[in-house]
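Okay, so here's just one chain, in structure tokens, the form predicted on its own.
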């Protein structure tokens, strides 16, 4: 069993190398090219995946930038809306104050006119009263007591007439 047979060793080596040559020529070439083609396809797929991953990262960055920009614009619009609302509120308040002040001023002027008219009417009434009392005193030249009674009576008479008018 442990004998070395030289003829068998030569023939075994010859068959081995012949088989190795045949496999090299006809089998390993197509197998290696198929493996190489598969390796190339896998590498291409990996390269495409890496490219798509980079593209996805770029798109994600752009999307985030757009979202941040949209948020900034929304905040700006909100701020502008608040400013416009505040400005409008101030304008309305200012207009209401001005209108209120004008109304108060017109009321004061009307009161002042009424006051002046009442004072004028009172003066006129006082003058008429003084003239009437004087005329009555001049017509009747009496004593001081009688003059007083006459003036007081005339004033009461005028008061009754003024009360009847009102």
Partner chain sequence: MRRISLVQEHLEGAAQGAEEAHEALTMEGLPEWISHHIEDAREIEFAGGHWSLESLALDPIQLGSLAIDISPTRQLVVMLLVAIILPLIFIPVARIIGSKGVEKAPSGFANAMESLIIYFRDEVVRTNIGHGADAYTPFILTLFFFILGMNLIGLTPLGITPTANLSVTAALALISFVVTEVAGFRALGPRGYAKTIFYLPSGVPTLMKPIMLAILTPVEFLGKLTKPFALAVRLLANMTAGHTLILAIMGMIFVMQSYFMGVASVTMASILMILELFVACLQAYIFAMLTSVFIGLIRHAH
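What we label the rigid core is the largest C-alpha set whose atoms superpose within 1.5 Å from one form to the other. Quantities reported herein were computed from a predicted structural model and do not represent experimental measurements. Residue numbers count along the first chain shown, from 1.
Not pictured, yet referred to below: the form predicted in complex with its partner chain.
*Asks:* Based on heavy atom distances of 4.5 Å or less, which listed stretch (59-67, 122-130, 29-37, 99-107) is in contact with its partner chain in the model of the complex?
*Replies:* Only one stretch qualifies here: 29-37.
*Asks:* Is residue 23 one of the residues lying within 4.5 Å of its partner chain in the model of the complex, judged by heavy atom distances?
*Replies:* Residue 23: contacts its partner chain in the model of the complex.
*Asks:* Quick check on residue 7: any heavy atom within 4.5 Å of its partner chain in the model of the complex?
*Replies:* Residue-level check for residue 7: yes, a contact with its partner chain.
*Asks:* Does residue 154 reach its partner chain in the model of the complex if we count a contact as any heavy atom within 4.5 Å?
*Replies:* Flag for residue 154 set to no.
*Asks:* Is residue 53 a contact residue for its partner chain in the model of the complex, using a 4.5 Å heavy atom cut-off?
*Replies:* No - in the model of the complex, heavy atoms of residue 53 and its partner chain never come within 4.5 Å of each other.
*Asks:* If you apply a 4.5 angstroms heavy atom cut-off, which residues in 11-27 are near its partner chain in the model of the complex?
*Replies:* The stretch 11-27, when checked against its partner chain in the model of the complex, contributes 11, 12, 13, 15, 16, 17, 19, 20, 22, 23, 24, 26, 27 at the 4.5 Å heavy-atom cut-off.
*Asks:* Using a rigid core superposition, assess whether residue 114 undergoes a CA shift of 2 Å or more between the shown form and the other one.
*Replies:* No, the C-alpha moves less than 2 Å.
*Asks:* With both forms fitted on the core, give yes or no for whether the Cα of residue 33 moves by 2 angstroms or more between the shown form and the other one.
*Replies:* Residue 33 C-alpha, core-superposed: shift of 2 Å or more.
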